[in-house]
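Okay, here we've got a single chain as structure tokens, the form predicted alone, with questions on binding and movement later.
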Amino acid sequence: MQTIELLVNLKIPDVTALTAASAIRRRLGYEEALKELRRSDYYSLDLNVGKLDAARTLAQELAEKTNLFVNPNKHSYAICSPEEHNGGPASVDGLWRVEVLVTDAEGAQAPEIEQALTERLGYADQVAAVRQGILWTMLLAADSADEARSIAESITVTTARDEGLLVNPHFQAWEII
């Protein structure tokens, strides 16, 4: 079994991410620290295939030939493996890239998508599980990976009216990937 990640983005500017970035900068005081904020629909697919190349090919087929993940008129997508995430902040041109995955606290399972793939579309032998969430990617000005992680956590988790924005800890879970 192979696990593949499918990241789906809007082709047009993402007003949700733009609004969140504006609120984080202006209302939460991260004007200097937050350089960019992007949002992607995140899908993790457990596929019953032997090799990573076969998993990538199947994920591409699922993205392009079903209407469950991507609308080609308004979305672009990328396929990657979980190993491509380095498990924390990564330095990019003097800034730190931090990726935060947000899911429901009860789990990231996507039973409707999984059922459609396995029962309606005939992928029962190939698709073992589907999980979904939102992947927020931040570019932060920080002096170290630890500082970038700390800034990302304070931006992410809502603890007060003026602290955090991207996760409501009462019904959502999050992790830096």
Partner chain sequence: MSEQAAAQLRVALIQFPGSNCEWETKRAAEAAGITCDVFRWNRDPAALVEYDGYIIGGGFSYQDRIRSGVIATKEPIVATMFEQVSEFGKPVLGICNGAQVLVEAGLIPGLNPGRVEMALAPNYPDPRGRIGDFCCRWVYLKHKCAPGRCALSSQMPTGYIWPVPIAHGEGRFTTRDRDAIEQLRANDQIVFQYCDENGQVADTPEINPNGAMDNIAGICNPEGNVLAMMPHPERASFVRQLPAELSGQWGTQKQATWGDDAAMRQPGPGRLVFDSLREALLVSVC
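Positions refer to the first chain, counted from 1. If you're wondering where the values come from, they're calculated on a predicted model, not measured in any experiment.
We do not show the form predicted together with its partner chain, though everything after this point is about it.
Annotation: in the model of the complex, residues 23, 136 and 158 each come within 4.5 Å of its partner chain through at least one heavy atom. The stretch among 137-145, 122-130, 26-34, 45-53 whose residues place heavy atoms within 4.5 Å of its partner chain in the model of the complex is 26-34.
Within this chain, residue 153 is remote from the site of its partner chain in the model of the complex, having no heavy atom within 4.5 Å. By the criterion of a heavy atom within 4.5 Å, residue 12 is excluded from the residues contacting its partner chain in the model of the complex. Within 4.5 Å of any heavy atom of its partner chain in the model of the complex lies no heavy atom of residue 83. Contact annotation: residue 93 falls outside 4.5 Å of its partner chain in the model of the complex, judged by heavy atom distances.
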